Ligand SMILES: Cc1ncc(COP(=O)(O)O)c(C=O)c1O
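Shown next as structure tokens: one chain only, the form predicted on its own.
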């Protein structure tokens, strides 16, 4: 599939993995699109439905954000202007391949300090005159594509799985928690499937509290695991070796930030019964 191709490969494949001793299936959202892959299109779908194309999109992310390239391409394909506010005032558009790609797709990049970025996040992404060059006629797309609009696309993940079978366990990695929230919203009350969330962010207390409270209100059992490798984007030689061994066994590449850490946990904490692992994708630009 070409990187600028619509429509996407949906519904995504539910594939049985050749892992001895586990009845393990992978929901291959990583194959939806080479750039707007995994949960990125699931989260962006509702945002771009019926959007006012005369407005400029303002969105946010770090230097290695998967969201920023996906948003840049999606805005381009919808004929819209987009500004990316990037965490790290020392950066520029040629700092890495992620930022280079964003710029190549027409995203205007603005770099701010980490302190200002934290303030933006705590203020719910309200710009409050942060940069006079950012146009007034804009619409905010929060970090990671999060927002109420994510429910539309992320609900479909669970609906597609249920069309095949009901697993005993659902395992998914998480950043902002938006994809997990969407899946939970599609699940029935007292759903028998146990949900395991592997956080890619250390100490995501607010996200954990919101997701676990919501799951418990629906009578769904949930297990939230904190990031265990030193923080987002951190890795170890042991984790890199696991990625290589998994790829050799399955011919499936795992991103370091999300799915590799999920696999490390799952391998060391084997679950009983039928397991569905939602592969949320991840770029290697």
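Residue numbers count along the first chain shown, from 1. These figures come from a predicted structure and were not determined experimentally.
If you look for the form predicted together with this ligand, you will not find it shown, but the lines that follow are about it.
Although the partner is absent here, residue 40 lies within 4.5 Å of this ligand in the predicted bound form, judged by heavy atoms. In the predicted bound form, this ligand lies farther than 4.5 Å from every heavy atom of residue 60.
In the predicted bound form, this ligand sits within 4.5 Å of a heavy atom of residue 179.
Using a 4.5 angstroms threshold between heavy atoms, residue 173 counts as touching this ligand in the predicted bound form. Contact with this ligand in the predicted bound form, judged as any non-hydrogen atom within 4.5 angstroms, is confined among 45-53, 233-241, 32-40, 215-223 to 32-40. Residues of 83-101 that come within 4.5 Å of this ligand in the predicted bound form, judged by any heavy atom, do not exist; none qualify.
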